[in-house]
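The structure tokens that follow cover one protein chain in two forms, given apart as structure 1 and structure 2.
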Structure 1
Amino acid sequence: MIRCEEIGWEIEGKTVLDNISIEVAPGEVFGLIGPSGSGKSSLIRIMDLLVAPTSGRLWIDSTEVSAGSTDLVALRRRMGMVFQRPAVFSGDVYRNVSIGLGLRGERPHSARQLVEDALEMVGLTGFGPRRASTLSGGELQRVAIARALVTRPTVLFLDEPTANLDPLSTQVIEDVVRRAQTDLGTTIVMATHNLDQGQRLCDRLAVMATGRLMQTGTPLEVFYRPRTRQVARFVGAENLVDGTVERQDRGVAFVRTTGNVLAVAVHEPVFGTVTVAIRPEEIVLSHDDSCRTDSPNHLHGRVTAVESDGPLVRVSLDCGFPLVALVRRLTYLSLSLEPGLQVCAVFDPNGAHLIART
């Protein structure tokens, strides 16, 4: 559908995108994920042919765009784009949605039905005669999606479509995106800095940071098997412990770290120096004297800090190395966790993951 080969983009001497190669398959929802400034928006603008990359090659379907002499307008008419902040044209919602049809010379009569279908799709049936400037941010973003979908694009690009919206509008827009995929079969490429949203909506994710592609994979792969320390931190596997693989046995690697041997589930043989990534919410704390020493990963540690973190409590431990656990409030209260207390931290070998060190 869309193929980027070693795409690079520089502006005013600054490298915004560095050697990006990805391929989006027809019909999938593909997510570009990463913190702001990672180059997601630039990449999506390049794929929508709004700007030309400074290097690399780009294919839309089987047309190589970068070869020059391509009719960009014709290609753009097969794609749709929803920007982070929707642009509002003067006039009513009907005009805002029908603009793309007008540009293609569609007759007003046939356009009306298409616009009404698009408005129904985004849950704005009957909004046609409303002045666009009177709508809320969430409604405007849905108008922008209807405007892009009304021309039945084969690919829909979304650049942080819910970045400035309240949770309710966000949910509505996520539903629309899901329906565009299932009902219309639209291929969707979306940029988001929101990991949850990426997981909820996308078939595959490309994690970006500072203009480079860090990892591509399904949400589960990215979440559970981050390939670099950077991705691990981004997906919240914030405990990163360095060590050396001692031996492997039936899918479990034993990693020697400072003072401990940690058991970690592996899916392929690993050797040498590695980093163990442990998600803080996979760590279970208990009283130091009730430590189940028969379980593989039991660490003794001293609480150094306790902080509230949304519905959970973030407990920082010193186990020879720093370790952070996220526990439920009831656990926090029943263990009377407070700085200085000795506790036992246990995690399942399946709750951790190995990152090869390079």
Structure 2
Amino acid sequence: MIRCEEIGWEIEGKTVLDNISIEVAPGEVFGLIGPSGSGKSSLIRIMDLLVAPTSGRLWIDSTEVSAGSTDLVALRRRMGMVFQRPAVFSGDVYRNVSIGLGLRGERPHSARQLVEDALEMVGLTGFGPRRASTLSGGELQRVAIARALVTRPTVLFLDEPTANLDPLSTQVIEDVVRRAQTDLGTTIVMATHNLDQGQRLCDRLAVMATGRLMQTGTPLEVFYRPRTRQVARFVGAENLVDGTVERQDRGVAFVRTTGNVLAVAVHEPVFGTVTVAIRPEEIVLSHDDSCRTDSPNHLHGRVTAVESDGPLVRVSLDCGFPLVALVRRLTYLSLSLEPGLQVCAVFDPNGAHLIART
């Protein structure tokens, strides 16, 4: 559907995008994740033909996009775009949603049905006569999505569509994204800083940092098999323990670290110095005197800090190296976790991943 080959973009002497090559398949939800300033929004604008890259090549289906091409308008008509902050026109909701149909010369009767269908999809049935200026931020964003979907685009671009919204509005918009993919077959490219949202919605993800592409893959591959320490940190595998592979046996590598040997499941042979990436939610804590010594990874440690992390509790440990565990609040209360307490930390070999160090 969309293919970017070595895309680069510079503005005022600053490199915004550097050698980006990705391919988006028809009908998939493709996510761009990365910290602020990583180039996600810039790449979406290039794919949406709003700006031209300074280097590289871009294809939409089998059509290569080139500056000054007469095909650009026809290609743009097949696309929809929703920005982080919705643009609102004066007048009622109907006018806001139907404006694209009017520009395409759609007949009033068929346009009205298309607008009603689009409003139903975003959960705003009956909102047509309301003045857009009276709506909440979440409702305005849904109007913007309805305006993009009413023309039945082949590909829909979403640039941080839920960044400033409450959880309920976010859930509604996520449901709309799923319906657009399943019911309409729309290809969707979305930039998001919400990692949970990326895992929930996207078939594949691209991790970006400082204008470069760091890794692409399914959510499972990106979040549980990061290729670099930088990607691991960004996707939440914050426990990064350096060590050396001593041996491998039946799909498990045994890694010598400071005072411990860790067992890590491997999917391909790995040797030498490595980093063990362990997601904090994969770590199970217990009192030190009830440690599961039958587990290949049981670490004795001391609690150094405890802090709330939403519905979970973040527990920092000293196990000869720093370790962080995320536990449920009931677990925190039942173990009476507090600084100074000796505990046992256990994790399954499949809950960790090896990153080769170069």
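Rigid core here is just the name for the largest C-alpha set that superposes within 1.5 Å across the two forms. Values in this document were obtained by computation on a predicted structure and should not be read as measured data. For residue numbers, the reference is structure 1: its sequence is counted from 1.
- Working note: structure 1 is the copy from the form predicted in complex with another copy of the chain; the remaining copy is not.
- Of the listed residues 321, 332, 326, 227, only 227 lies at a hinge between rigid parts moving between structures 1 and 2; the rest are more than 12 positions from any hinge.
- A two-part rigid motion is described between structures 1 and 2, in which the smaller part turns by 10 degrees against the larger.
- When the rigid core is fitted, residue 288 shows a C-alpha shift of 4.1 Å between structures 1 and 2.
- Once the core of the two forms is superposed, the Cα of residue 297 has moved 2.4 Å between structures 1 and 2.
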